[in-house]
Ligand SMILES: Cc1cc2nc3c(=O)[nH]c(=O)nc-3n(C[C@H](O)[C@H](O)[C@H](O)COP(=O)(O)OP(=O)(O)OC[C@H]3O[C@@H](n4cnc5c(N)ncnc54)[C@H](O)[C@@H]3O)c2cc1C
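Just one chain follows, in the form predicted alone, and it is written as structure tokens.
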């Protein structure tokens, strides 16, 4: 994936999931009353916003040039604009989803847990289950797609985790550019007072955490921070549609396990092959559909998309929730939006990005 694709992917996510933040920024940057806005790449170089006040449309070019920058640089710049806009507009604009997520992640419900690897187990061809031991009595979950930030020492670092290490330390190291630790979010598969299980998908081109998961051994020390959750359907839904690749299996199976018996659920899981089929949900109102991509590379298969194109959506009171490779998720979300699904009826997350 080249840099331009990374930028486009990020902006697609903002336009799909953070239109409120774009609108906030637009009303900060413009003297006009903006009613609609979207992020764009202007002249192949600049990050910009295309906006309309109802009478005319125009482009607001920022001073952020994409040349020599990364998607992470652009993400930080976008967040900076959000907070600049909030300081100026104050209570004159409703809180955005980004701001609410930050508040949620900083709340007392999220905290750091020092733990050690207790056990590792390959539960399928490409999923390694790692059991962590620690004091998890005060870890409060939502019973859905609860995910934790898993923080580990870098492979070539002599850094040792300690019970006093916190999310503040991790963020400070990131700001300072230190490479002592690495972190990524993973969903809780099972939780007890003294142990927590997480599934790690193993593949040929792992990032820092994937590489750690391959070589993790008993007694390795880690910090787990959280939990957080993205699953937030409207009240009184009658139908739920879930879909994912291997990376989303723990979230979708946890959601379906805790689902109200009165909600009809169809779940669609794309995995490598039959050896990766892990059916565990025997609830009468949940129907699991396993899709095998066989020789297709992870993140490049069309099997999940084509399967979802052929399902018949309920007429009303439904909610769609999906997670997996970012480009696949955008394609699937675009399909549903193109056939009339409304924004508040669907929530799709990119858990990872193919190379």
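Numbering follows the first chain given and starts at 1. Here the structure is a predicted model, which means the values were calculated and not measured.
Only in words, not in the display: the form predicted in complex with the ligand, which the text now covers.
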Proximity to the ligand in the model of the complex, single hit among 71, 98, 265, 184 (heavy atom within 4.5 Å): 184
task: Check each of 209, 117, 237, 278 and return the one that places a heavy atom within 4.5 angstroms of the ligand in the model of the complex.
output: 209
- line: In contact with the ligand in the model of the complex (heavy atoms, 4.5 Å), from 165-173, 131-139, 80-88, 194-202, is stretch 194-202
query: Would residue 147 sit within 4.5 Å of the ligand in the model of the complex, counting heavy atoms only?
result: yes
message: Can you work out whether residue 226 and the ligand are in contact in the model of the complex, taking contact to mean some heavy atom pair no more than 4.5 Å apart?
response: no
message: Is residue 7 part of the interface with the ligand in the model of the complex - any heavy atom within 4.5 Å?
response: no
query: Is the gap between residue 322 and the ligand in the model of the complex 4.5 Å or less for some heavy atom pair?
result: no
task: Go through 297-325 residue by residue and record those having a heavy atom within 4.5 Å of the ligand in the model of the complex; state none if no residue qualifies.
output: 298
